[in-house]
Structure formats: structure tokens, C-alpha cells
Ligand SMILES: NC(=O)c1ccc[n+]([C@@H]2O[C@H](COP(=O)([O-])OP(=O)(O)OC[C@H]3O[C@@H](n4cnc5c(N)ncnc54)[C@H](OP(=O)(O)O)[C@@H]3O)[C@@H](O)[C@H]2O)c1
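What follows is a single chain, given as C-alpha cells, in the form predicted on its own.
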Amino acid sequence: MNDLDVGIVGASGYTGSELIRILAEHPRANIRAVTSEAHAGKKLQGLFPHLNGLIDLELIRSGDMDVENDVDIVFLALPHTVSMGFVKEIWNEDVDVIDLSGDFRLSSVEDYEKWYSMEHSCPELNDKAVYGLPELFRETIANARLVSNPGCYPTSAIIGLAPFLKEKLIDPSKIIVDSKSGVTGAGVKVRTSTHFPNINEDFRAYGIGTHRHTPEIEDVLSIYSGSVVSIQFTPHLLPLDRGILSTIYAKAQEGTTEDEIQEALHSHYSPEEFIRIREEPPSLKQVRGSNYCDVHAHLDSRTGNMIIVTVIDNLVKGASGQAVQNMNIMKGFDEGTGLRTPPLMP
């Protein structure tokens, strides 16, 4: 397998710059083009001083990238509703695509249009997209041309719930996902709600009952488990740079034991390099800057509820690291190539 020439569209955002940080050290990937509509003409290291010495490229407009001749794979680090237009434009080129937006994450175009409140401009390609959660869909990712990289909240929720739904150990209709994210999950664009004086020393819930990650979590878990899954999902904004901690509550099926829970968790995830099973509830610092998802599960015998805690770095396993993991699978590389870095402690 030859080395890859890589293009990153939308390189000036958080996920784009994180892709560059990871891929700059990837032994099989060569970053050939980085685009930004707002910063075209600027040197990349001028925009991101932490990348100085790692890569020397000038940002260009996406329309100036020669997809056919310059790259083998394109990462789209674009906003929702923008990515699908770019996918439609380059679909007939001989290039693979990993889309980090939500434009192809839902199996139903109708559900997309309902939750995103707009018409899908590329419905004919929705069925071509493969959901890029490697630990659940590795085989289909390997044969895909278009991979839809999971959302950060859904990654933390789906990994936590998948084994227990698959083994029919919990009620699929009685699940609460309570998630907290660092501010980078809101993107690089300046907003009043993420302005430092407003977020610092504060903690808030948002998107109650309306967050677009709700149908993504339900859709993927329903497909994977073969049951209709319904969740109550509430996201919260933490005054931190990065990280997601999800505490998940699910009603255990009658007669479920702690041993069955642990057996399901270990049988699903012990072979997985980037999922670590924890005996105690994990913390955000244990995964910061890494591609790991740490998972803890416990059955409360008093209430009959399962309590699952997962932690990820929203920019790595929740976005760019997982995208590189998908690239490795698509291209037949060792899955952990470029991703075997320890968390940043303390």
C-alpha cells in the first residue's frame, strides 16, 4: 500500500487543526492541501503557531484544490449543511471522503431535514455513506468511499450503550444520556454563549429535547442492536477547553446481574485498542489529547438501573482522531497508526 496524499477542507477550525496535528506525524500520510475560505493566502503556522516546524503550507480556497490530481483522500472539517455540497461536487473524482459534519450521519434523509431544518442537497449519496464508528462498523468502513465521522456526543453515548443493547440487558426505551462537553465542541466561531466571560466559572444545559445528536444516537443504536432505541439526551457546556463526560442511566432487564454486565462489556471491548474498561468511573484528564474512550459500568441493585460513565477527548476520539482511525481502516493501514499517543497528564 502506497502512502497517501491528503487534503483537509476547513483546516482553520478546531477539528481541522487537530487533523493537521495528528496527520503531520502519521508515517503514511502526506498533507498536500489545506483550505480555508476565511484565511486563504495565510501560512498555516501563522494561524496555528503550535504547528510551527511540523508543516509548512499555505491555506487555499477549497475551489483551488485540485482534488483529481493532488489528493487520494479528503477530510471535510466543514459546518453541517456545507459538507454535502462539497461531497456532491467531488463525488465523481477518484478520491475517498471522510466527512466530519452531520450531513450524512442519519440513515433517513427525512430525519435529517426534520432535525436540521433544511433540505438535504445530496440525498442520492446518503445511502453511500458508512457510519464511521470503528468499534461497531469496522467491516463496512473498510469498503467505504464516503465515511460519515460520528459526532462527539454520540461517540461517547453509543460506545457506552452498544454492548448492553446488543445483549438485551437493558430496556431500549428507558435510557437517559447526560453529557458534558468542553467549549471546543461548539466550534471555533465566536458566539455570545461561548465568550470567555460568559462560560468561565459557569455550567449550563442546552438543546433540551432538540439537540441534533439525539436522532444520531437513536438511529445508530437501533441499527446495531436490532431494537427500537429511544433516549432522553441532555448536553451541557463545561468551562473547559476539551473533553466529554457522559453519565448514562438505563433500566436493566429483569434478572440482569452485575456479572452479565461485565461480561458483555469485556467481550465487546477488551480486544479494542482505543477503548479502555475502567473499574472506577474515569475522568476527563485520563483521555485528554488521546484517541481513547474510557468506560465504566455498574448495576445499582437497589434501583435496578445501570449507570455507565464514558469519557473522550471531543477533538480526538470525538472527531479528528476517530477520522484518522477510519482512514487507516479504509486504506488497509494498521488501525492505530499515528494515534498511539498517551493522554496529556496532568
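Heads up: residue numbers just count along the shown sequence, starting at 1. Computed from a predicted structure; not experimentally measured.
Absent from the display: the form predicted together with this ligand. The rest refers to it.
> Within 4.5 Å, heavy atoms only, one stretch in 23 to 31, 280 to 288, 293 to 301, 36 to 44 touches this ligand in the predicted bound form. Which?
Selected range: 36 to 44.
> Can you tell me whether T15 touches this ligand? I mean in the predicted bound form, with a 4.5 angstroms heavy atom cut-off.
Output for T15 is yes: heavy atoms within 4.5 Å of this ligand.
> Given that this ligand is not shown alongside this chain, does G318 nevertheless sit within 4.5 Å of it in the predicted bound form, heavy atom to heavy atom?
Contact check for G318: yes, within 4.5 Å of this ligand in the predicted bound form.
> Give a yes/no on whether L78 approaches this ligand to within 4.5 Å in the predicted bound form, heavy atoms considered.
Result yes; L78 sits at the interface with this ligand in the predicted bound form.
> Residue-level contact is defined here as any heavy atom of the residue lying within 4.5 Å of this ligand in the predicted bound form; does G187 satisfy this criterion?
Flag for G187 set to yes.
> Let me know the one among L240, A142, V95, V82 whose heavy atoms come within 4.5 Å of this ligand in the predicted bound form, would you?
Of the candidates L240, A142, V95, V82, V82 is the one lying within 4.5 Å of this ligand in the predicted bound form.
> Given that this ligand is left out here, which of I170, I159, V220, C152 has a heavy atom within 4.5 Å of it in the predicted bound form?
Spelling it out, the residue with a heavy atom inside the cut-off is C152.
> Three residues, V87, S148 and M330; all within 4.5 Å of this ligand in the predicted bound form via heavy atoms?
No, none of the three is in contact.
> Where, within 250 to 281, is there a heavy atom within 4.5 Å of this ligand in the predicted bound form? Residue list please.
Not one residue comes within 4.5 Å of the partner.
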